[in-house]
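A single chain, nothing else alongside it, follows as structure tokens in the form predicted on its own.
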């Protein structure tokens, strides 16, 4: 049964401001989003767009410059992705990175050929001409290479400005502020890569480098208001940071046209439902419909063990609940969600049409094909830390904004195997212990995520004078900047020991705790 209650409403609206923008054209690199992140870190707003974006659309948006990403293809292969040829006729600076450099060379009349030896890993780059992108940088740079093709002849009007052992044209410069670099400045393995990007953005493109989340708020509010008009919006609150920030942002844009639906799907962490109602309805005065749909989700997940199928069923159930509430609320054509950039990238949306799909996110790839809403996703070009900054700027409480990331499908994908009420309660209790001890130790805001996983494994143990055969719980604690890469956290042994002891003593049916020490990649942060 679905039980819904409704509370509160209010209005608030600001104005839009202009901002420098740079487009990152994505040609299929798994690290295209890192380029976008580095640009943001230079305080320049950017968007990741398909490599095939029409030149007319770029011209209409008037960016200050373009960055071509890397990619897995070779530019001379049939079917390799290329930009709209008219992009080169735009009077815009361009920085090509790896495959993007080879596109720049090949499309403009240079020669790109297979290298005699693939160049992968750390390399020493010799700067022959500081030009614009190497301004005030050392003449010898440590860089990260990953390519199997080389430029053997720069295009007309271009000249080599750096070389490495295997790449005589490891960087090129041409007219109208156009540069190509064979190395990857976006990765941490290129220590001065951010300086190279900053030189391009500030010195070549002429960006001011003053972008802040506050300026994003103003432009995003204006975009939502322009798109929605006087229509009504239904916002999906999940209980996490992303949807709370998205709801607050949309509410600022359209006020009472927004109705938030918070679904208690029975898959949340302890105490989350009550906190959402307290903050969003009673404190923020946003119209909120609180739906108790735990039984529907448990029914949908009965007997399902495949993680992708779990995501799909949870996504479909979410949408069914929203549609029921939309009908009760009247005509509501828009659905707002807290989708973030990592969700978009890992689900391979139209933004990354040449990238490999990693997994489906319930609020991106798990939606049914006959979705009756038009999606509003104001955060889809933000990383998690940026969304948090926006949340603080919007006045949300710090304990909500700094809540650790929680997957849209909730505890269902932290239970490996069948999802039952009993197993949910076991995991919820174990997870509470992990969070409690991480907070107690002062590590909560120093790590990216800390949580428990209920495995499908049972093990032999001894409790008191009795033999037990009970559940094994895994603990996962990782450090990360943005969730795209992560390393397991070197948590002090005494903290891990306390977590293990408390879980075994306080959570019925668990007699063993293990610690996951794998990094992303090759693993993902979540187990499913």
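In this text, all values refer to a predicted model and were calculated from it rather than measured experimentally. Numbering follows the first chain given and starts at 1.
Here the subject shifts to the form predicted together with xanthosine-5'-monophosphate (XMP), a form of this protein not shown in this document.
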| task | Sort through 279-287, 395-403, 442-450, 228-236 and report the only stretch with a non-hydrogen atom within 4.5 Å of xanthosine-5'-monophosphate (XMP) in the predicted complex. | result | 442-450
| query | Would xanthosine-5'-monophosphate (XMP) be touched by all three of 409, 413 and 525 in the predicted complex, meaning a heavy atom each within 4.5 Å? | reply | yes
| remark: Of 384, 311, 198, 147, the only residue with a heavy atom within 4.5 Å of xanthosine-5'-monophosphate (XMP) in the predicted complex is 311
| task | Find out whether any non-hydrogen atom of residue 512 is located within 4.5 angstroms of xanthosine-5'-monophosphate (XMP) in the predicted complex, and reply yes or no. | result | no
| message | Residue-level question: is residue 483 within 4.5 Å of xanthosine-5'-monophosphate (XMP) in the predicted complex, judged on heavy atoms? | response | yes
